[in-house]
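Okay, so here's just one chain, in structure tokens, the form predicted on its own.
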């Protein structure tokens, strides 16, 4: 047992992955502490911003028969889906609360947000990307009747205000990690996915962060059944936000709400319709209203602001793909 623990520790060290607290030097613990304190302030500001914008905070869902299929999104890297039987029903760990957001904005609240723990067992080879975790939190939010452009603008204003706030209130912590708050202007540049494919090829997601110096939106991304696709032009009304040197931070869209379109896209993508029978039933009855929203990866946001080498360096107890730490 001790030998196995030693091998894990040596592997973490050799690959440059985040260390567990009990294996860190005092200097490393001080830096981890400063990043977590900055992260706490980032979370508090983001939650306050959403409330000021008229969003109501709800508590998250951890297990459900329905979760995000993450398919046919080409960026998805799940190698195993976690399922468990409770009370005679199969439930899954939450990938994201997208379906709950569609139902919630249709039947409960026009505007709400959730800081949602997500469990996605990413492929082990993603451990060294510096930006993947198998357990992380998203600020997931949705607004009935909003456009994707309005959601993008809201995120820009949040990030701009956040930079000013933590830059002035967390000077000691930024000094402790030797980092500066990212500087950027809003609105962000917007890139068409098709143009990026022509310029960088099929690996544009990896190439783009090397060539931008400020955050940038990418639009028109073929994706899951719940993102809106124009039936005539086949253009997707959705977006991602990419960061310099780091990659994707935000995913969002205008949502599909019509039964026939949802059903057709599920069938075309090979998504198991029976897993989404309630959503389809509600849509068929005209009880799903169109909305728009997004999810912001909070660890990735904190890692960007604190210039963390790995996104797991902003977690007290890192959850890196392919590695099972003792805590």
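Positions refer to the first chain, counted from 1. Everything numeric here is computed off the predicted structure, so don't read it as measured data.
Unshown form predicted in complex with a small molecule; subsequent notes refer to it.
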Just to be sure I understand the contacts: of 152, 132, 120, 100, which is the one whose heavy atoms reach within 4.5 angstroms of the small molecule in the model of the complex?
120
Looking at 215, 252, 104, 247 here, can you tell me which has any non-hydrogen atom within 4.5 angstroms of the small molecule in the model of the complex?
252
I'd like to check something about residue 294: if you look in the model of the complex, is any of its heavy atoms closer than or equal to 4.5 Å to a heavy atom of the small molecule?
yes
Can you check whether residue 137 is within 4.5 Å of the small molecule in the model of the complex, heavy atom basis?
no
The small molecule contact in the model of the complex: residue 191, any heavy atom under 4.5 Å:
no
Does at least one non-hydrogen atom of residue 226 fall within 4.5 angstroms of the small molecule in the model of the complex?
yes
Sort through 34-42, 51-59, 64-72, 263-271 and report the only stretch with a non-hydrogen atom within 4.5 Å of the small molecule in the model of the complex.
64-72
